[in-house]
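Take a look at this single chain, the form predicted alone, given in C-alpha cells.
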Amino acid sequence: MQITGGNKKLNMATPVSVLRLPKGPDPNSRGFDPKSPRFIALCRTSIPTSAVSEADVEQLPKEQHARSVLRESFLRCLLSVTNKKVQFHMYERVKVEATFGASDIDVMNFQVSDLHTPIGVQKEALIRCQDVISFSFDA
C-alpha cells in the first residue's frame, strides 16, 4: 500500500486480519497436563498407569510407539491439507466444503475459510471436531 504525502511516498504493509483461537485450560495453553480431567477424558491409555505389572512394562513402550506413529501421520495429514479444498461429512447427512486453514493444538476445532453450507457461504469459521464424521480432500 502506498500513501503519498506532499513529495514523499510512504510504503506501508497491507494489514492482515489475525485469527485468535481460544486458549487451552492450562496457563501455558498446551493442554498436556496428564493429571487434568480434560486429558484423562480425551487421552486415556489402554494400560492403567496406577497398577504397573511386569506385562504392562513390556507393553507400554509398544503402545507409546504405536500412538506416536499414529499421531505423527495424523499431523502430517493436517499439514498436507492446509489451504486445500476439503469436504466435511457431518451428522444428519450434511456435507460442507471449505478451504482448510488450521487445527487447534488438541484437535478440537478446525479453522476453515469459504465454508459452503446448505444455507450459504461463511467467509471464516471454526468447525467443531465432534460434529465431523470424516473429511476428505484431493491430493
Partner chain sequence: MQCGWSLLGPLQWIRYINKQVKVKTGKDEEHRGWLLTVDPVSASLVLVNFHDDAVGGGRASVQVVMGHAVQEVQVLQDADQETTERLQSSFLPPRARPLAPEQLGQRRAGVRRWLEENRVPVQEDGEELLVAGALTIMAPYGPEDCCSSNQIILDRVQRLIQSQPAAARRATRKRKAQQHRARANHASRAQRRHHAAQSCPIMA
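Residue numbers count along the first chain shown, from 1. Nothing here was measured: the structure is a model prediction, and the numbers come from that model.
The same protein also has a form predicted in complex with the partner chain, omitted here; what follows describes it.
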State yes or no: in the predicted bound form, is some non-hydrogen atom of I105 no more than 4.5 angstroms from a non-hydrogen atom of the partner chain? yes
Would you please decide whether C129 lies within 4.5 angstroms of the partner chain in the predicted bound form, comparing each non-hydrogen atom pair? yes
Any chance L70 has a heavy atom within 4.5 Å of the partner chain in the predicted bound form? yes
Going by a heavy atom distance of 4.5 Å, is D114 a contact of the partner chain in the predicted bound form? no
For the heavy atom contacts within 4.5 Å of the partner chain in the predicted bound form, list the residues of 114-139 involved, in sequence order. C129, Q130, V132, I133, S134, F135, S136, F137, D138, A139
